[in-house]
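In the form predicted alone, a lone chain appears below as structure tokens.
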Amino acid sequence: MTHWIEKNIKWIYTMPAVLFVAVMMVFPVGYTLWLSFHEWDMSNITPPLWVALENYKVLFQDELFLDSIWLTFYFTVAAVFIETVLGILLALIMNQHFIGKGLVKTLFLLPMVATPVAVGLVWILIYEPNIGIANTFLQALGIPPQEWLASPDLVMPSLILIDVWEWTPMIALIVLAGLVSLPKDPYEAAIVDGANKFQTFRHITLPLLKPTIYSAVLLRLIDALKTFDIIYATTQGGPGTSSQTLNIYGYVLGFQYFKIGQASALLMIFFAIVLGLSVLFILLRKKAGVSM
């Protein structure tokens, strides 16, 4: 027995992690995939009925599903791009020495530690057309008040602004950690060579920060694609279906219309999209010669 344990010790040590992944990840994905080939309304009386690829066929003929894909990418790309640009700028500012730097870092953590539902409720008040701070600010600038979350044209930019407010600090703190760890020698050589600040940033800071920026963008990309709580807490996909992303539409199909098979098919397509984008991003990172 002792000999067997010594011979297989590497498998024994890794088995808890393998079982955790199997139970917490592989089983839910496998069960969802199985449900996506069935028609079921969550009834205890009627068992799931095998329909093969019918749920997928119905989804790709559904305009609401196609619109939800567009809205998901619109929200994700816009939010992650703005957060990345602002996060890098804020990190560069915070990398300078100034009074109250520690306090600013602490304040930056506040949006991230707040629960998404609480953040959503706060922004509902900010966007409130009659008493909200957003319209008060616009009126002070001489701009007519807006309907924000109640406007089909403004609801997505309004939601993107909430996401930017909440998650830009995370990008900034990750990039700041990368800035602090950069070697000093290249900067000293740049000073000797007479490089200005922009040239130093362009040719030294930015290339050295690439691994950190790639990591931050990948984390935010996956998280932004999955955004549900903020949207559901503020608009529930409305007005109409103007902010109905894939997550929201999956919830509507599953728990409002009880079309579990279609909702499962939607989630499998969404899973494939997230996985595909993650792999694509990693391949682009390797092609750019960046290792993390």
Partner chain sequence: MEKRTPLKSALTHVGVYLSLFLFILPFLWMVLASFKTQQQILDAGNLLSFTPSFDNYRNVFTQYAFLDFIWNSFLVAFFSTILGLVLGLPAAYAIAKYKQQGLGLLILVARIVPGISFLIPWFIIFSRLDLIDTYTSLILSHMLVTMPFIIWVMIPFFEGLPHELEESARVDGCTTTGAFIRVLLPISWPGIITSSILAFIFSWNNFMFSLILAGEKTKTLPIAIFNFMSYSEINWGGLMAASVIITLPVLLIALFAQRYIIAGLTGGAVKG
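Computed from a prediction, not measured in an experiment: that's the story for all the values here. Positions refer to the first chain, counted from 1.
One more form of this protein should be noted, the form predicted together with its partner chain, which is absent from this view; the next part is about it.
Within 4.5 Å of some heavy atom of its partner chain in the predicted bound form lies at least one heavy atom of Ile126. Residue contact with its partner chain in the predicted bound form: Tyr187 places a heavy atom within 4.5 Å of it. Heavy atoms of Pro144 never reach within 4.5 Å of its partner chain in the predicted bound form, leaving it off the interface. By the criterion of a heavy atom within 4.5 Å, Arg202 is excluded from the residues contacting its partner chain in the predicted bound form. Only one of the listed residues (Leu107, Val77, Leu138, Val85) places a non-hydrogen atom within 4.5 angstroms of its partner chain in the predicted bound form, and that residue is Leu107. Along 95-126, these residues reach a heavy atom to within 4.5 Å of its partner chain in the predicted bound form: Gln96, His97, Phe98, Ile99, Gly100, Val104, Lys105, Thr106, Leu107, Phe108, Leu109, Leu110, Pro111, Met112, Val113, Ala114, Thr115, Pro116, Val117, Ala118, Leu121, Val122, Trp123, Ile124, Leu125, Ile126.
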